[in-house]
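Encoded as structure tokens, the following chain is the form predicted alone, with no partner shown.
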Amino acid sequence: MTYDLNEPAADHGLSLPGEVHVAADVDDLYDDLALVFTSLALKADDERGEFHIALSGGTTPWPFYHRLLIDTRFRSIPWERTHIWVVDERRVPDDDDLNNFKSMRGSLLEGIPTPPSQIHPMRVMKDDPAGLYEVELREAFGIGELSGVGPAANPGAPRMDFVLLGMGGDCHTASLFPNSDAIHVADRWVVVNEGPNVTPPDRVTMTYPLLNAARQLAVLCVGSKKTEALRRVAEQMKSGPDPVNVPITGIQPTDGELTWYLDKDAAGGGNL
């Protein structure tokens, strides 16, 4: 069964990069995203025998993860052949309430039959967490050492089947904060992002080259508090992407699709 909920941005009056899907309410939004997720999972399993996803933390996706876990409509997801990666992580112990992976365990991971070897937390308290995660990516995807600079120099860059992103009020996504060092990285898939422009604590994050290699990227925004940031993205895109100041505009899939999943409150009633 295939679900295609993407609609042209013009249908909503939303000038955002990629496609835009606006749901009537939050409950419908999580349903819609779960239907698309299930379709992508079945397609990836059928075509490649495995499903690689990168998930974000925070409270916004919790109801989505919980729905995947408990709703019988989504029982066909091939969790046994799914690899679960983390988009970004704070450098805190894994039992800290700020730890993204801890929240994922409680909302999803403890209830699905994915083998532990296919669940990939970031070992953020290690000396080189970014390097270790890149090694794990290379091993899981069967890719050799990185060479050259930028995604074009690494045609074998890992291709996630699905990446779930959020967006902060400053338009950051993952842990790519405005004017932070990670914004400029073109030759790594994962880095430690630290310094005065990073909201503490320090972070480990996927970079643009890895995120933009994905087949499907979804940005999930819920509630009226997101409206102003969405307006800023729409305004910026009139003149083109500016990853340094509006980091989410750096999400530009090289050979994939980007879809914004919004409820009507986030979309400002469809008047962005």
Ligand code: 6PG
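Heads up: residue numbers just count along the shown sequence, starting at 1. What you see is a predicted model; the values in this text were computed from it and never measured.
One more form of this protein, predicted in complex with ligand 6PG, exists but is not displayed; see below.
Asks: Every residue in 56, 61 and 167 with a non-hydrogen atom within 4.5 Å of ligand 6PG in the predicted complex?
Replies: The answer is yes: all three residues contact the partner (heavy atom, 4.5 Å cut-off).
Asks: Can you pick the one in 120, 90, 188, 102 that has a heavy atom within 4.5 Å of ligand 6PG in the predicted complex?
Replies: In short, 90.
Asks: May I ask you to check whether residue 173 falls inside a 4.5 Å heavy atom distance of ligand 6PG in the predicted complex?
Replies: Residue 173: yes, in contact with ligand 6PG in the predicted complex.
Asks: Any of the heavy atoms of residue 52 lying within 4.5 Å of ligand 6PG in the predicted complex?
Replies: Outside the cut-off, so no.
Asks: Looking at 106-114, 173-181, 67-75, 131-139, which stretch has residues with any non-hydrogen atom within 4.5 Å of ligand 6PG in the predicted complex?
Replies: Among the listed stretches, the partner-contacting one is 173-181.
Asks: Considering only 235-268, what residues come within 4.5 Å of ligand 6PG in the predicted complex, judged by heavy atoms?
Replies: The stretch does not touch the partner at all.
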